[in-house]
Ligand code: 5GP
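To begin, one chain is listed below as structure tokens, in the form predicted on its own.
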Amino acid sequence: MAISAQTNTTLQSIAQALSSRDGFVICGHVNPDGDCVGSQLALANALRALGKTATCVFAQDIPHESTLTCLPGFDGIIPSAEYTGSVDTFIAVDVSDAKRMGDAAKLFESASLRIIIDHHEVDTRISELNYVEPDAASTSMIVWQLIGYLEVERDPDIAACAYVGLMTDTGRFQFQNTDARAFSAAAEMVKSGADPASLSTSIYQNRTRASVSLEHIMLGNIIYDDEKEFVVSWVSRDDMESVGAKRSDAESLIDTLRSIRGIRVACMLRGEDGCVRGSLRAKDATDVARIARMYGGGGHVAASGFTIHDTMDAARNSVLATLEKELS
């Protein structure tokens, strides 16, 4: 186990701090993924089991058609802009940078105690209690360990949320961050009531017809670079509207690109109002997080994301040039 230089506490100490306080706001990063939401809900469910008040907030407002609606407590998450109460303790999970907390950054700054639990290493420490473990396969795995230090049973709801965080951040236990600790934690979660089959079905076998139509468009846009072994494709905002697709319908497209034989790095671009969202995946040791950081994004070595505030044509040309250079 390796912790970052910015870590200034232990999980046991965080558990003691949580036990001594009563009101919590829990938030993750913008464009939340399964690990982000799963970590929030697992911790919130544990704190509520202790009789405490815990409110989960989205960094920004997002549509509720996400496959993550299967998670216990998802319906209770509110946009941070709608939170009107005071903030005693703010817990940031899966994010260590206030810039990636969106609207919730104001809540973070106003809290009397701020706690960060993450597995993304950054250069600065911005909270009173900071625990970052880059070697952990998911933040939910750290949260699972933290809950073990609280005097609360890790019940099926907690286990399901933590398991989805771990399952999604390891790419169904296929990414390079999948290790013995990840499997050990997953086994504990299953023993506590997480159902791998039903959760996998809800997350990965629940695509809409609009998503399938969108994949057809994406496959027609593929650009291969056989020399540098990367692939790039895209769907525009107009493409999304033409098939009635929502943002969640595009989430699985990067996995299709990553599955192509002979490809080391895959990049999927999705058009939004005034910007282009990019997802990067690596099948080897290539650090795609480093590439994402060139565009102000970040993530993991094998899976990362970024945003380009430009047209799709400009974003695509920029990404193609960057990949060709960086994968030389």
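Computed from a predicted model, the values in this text were never measured in an experiment. Note that residue numbering follows the sequence shown and begins at 1.
FYI, the form predicted in complex with the ligand isn't displayed, but the following is about it.
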Listed residue that, although the ligand is not shown, lies within 4.5 Å of it in the model of the complex (heavy atoms), from I263, L47, L269, A303: A303
Listed range touching the ligand, judged in the model of the complex by heavy atoms within 4.5 Å, from 255-263, 37-45, 54-62, 294-302: 294-302
Close approach of K283 to the ligand in the model of the complex, 4.5 Å, heavy atom: no
Any non-hydrogen atom of R154 within 4.5 angstroms of the ligand in the model of the complex: no
4.5 Å heavy atom contact, R100 and the ligand in the model of the complex: yes
Residue contact check: R114 to the ligand in the model of the complex, 4.5 Å heavy atom: no
